[in-house]
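Just the one chain here, laid out as structure tokens, in the form predicted alone.
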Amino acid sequence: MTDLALQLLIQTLHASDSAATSNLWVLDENLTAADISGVTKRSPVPLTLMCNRFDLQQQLAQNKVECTFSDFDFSKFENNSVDQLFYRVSKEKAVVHHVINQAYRILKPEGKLIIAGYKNEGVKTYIDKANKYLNGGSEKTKGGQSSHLAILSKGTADSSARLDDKDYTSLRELSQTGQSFVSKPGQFGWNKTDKGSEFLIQHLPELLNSLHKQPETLLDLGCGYGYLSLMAASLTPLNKITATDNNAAALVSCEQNLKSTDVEYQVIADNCAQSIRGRFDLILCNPPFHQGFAVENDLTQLFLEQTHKHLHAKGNALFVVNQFIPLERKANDLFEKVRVLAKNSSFTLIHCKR
């Protein structure tokens, strides 16, 4: 499906004044390398790119497009240094508010924030709030299927209109299931424990009690803020934890959480462990089935393939998935033994062995 909001943004970029020498495109989680690569090569102005998805940065690098991977860290940009900031709104409100707040700081006087999205994503509200904060005038465009774009100019900020970004850059304590974690906006389920992950940990002792030898090494595949890693470390005497995720905010949180354990650990930015070497005794995974706003069954297949690649010959893997994800059927093509360890009205817990 064509993203009409993105098309509005690209059209505005192509019409940019070539005198704008400092231009930043903040890439949200919906975009693909195919969306971006051709645009950057045809852009009439020089573009700096920023994203919070490691896979997107890697795909762009393969296409010889440079992009900074970070948790939307604007610290390298000086105040009043950017002519134009292009942004198709993200899924999470705190992320959008953070980008808008930073746009005011880094834009030059009369610099432009070009923001686009769909009505059902809240873009009209974002535009109104940003316009009030930047306080420098606006041009608005409406496209098909309730897509909207606005070009907002930086004037003298109304400080009382600064957007609530939930103190985006700060970690905050999250107490769940009797254990404390830190988390932050910018990652899926940042302010709660995922019910699927809770279901996995609830039944993990059942698997561990059936083993002749307890696992020593763990791969937490799609680690989020590290809930599965920390809970597993409390249930079995691990020697080493390797946690990996595609999302920059998740990596920041997980790194901090794993400092509280005595287990040796490493937190690695990667797309589904594709660059990680070695095999593991235990792999735990609550695979994402969403990429941006879309459902991606191919992600499930990728997680299974990488688990098969990284699992010791006598190792064990546990996946927790929503009922509608056909992981068990897909797993049978790769693993010698596949069984449903537990099931409830929402989730299925699947045990795989090579």
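The first residue of the shown sequence is 1; numbering continues from there. Source: prediction; values computed, not measured.
There is another form of the same protein, the form predicted together with a small molecule; it is not shown, and what comes next is about it.
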property: Interface membership of Phe69, the small molecule in the predicted complex, 4.5 Å heavy atom rule; result: no
property: Residue contact check: Asn101 to the small molecule in the predicted complex, 4.5 Å heavy atom; result: no
property: Interface membership of Pro288, the small molecule in the predicted complex, 4.5 Å heavy atom rule; result: yes
property: Contact label in the predicted complex: Ala33 to the small molecule, heavy atom within 4.5 Å; result: no
property: Among the candidates Asn271, Thr169, Thr217, Ser138, the residue which, in the predicted complex, approaches the small molecule to within 4.5 Å (heavy atoms); result: Asn271
property: The unique member of Gln84, Asn131, Asn257, Asn247 whose heavy atoms fall within 4.5 Å of the small molecule in the predicted complex; result: Asn247
property: Which of 150-158, 90-98, 190-198, 105-113 sits within 4.5 Å of the small molecule in the predicted complex, heavy atom basis; result: 190-198
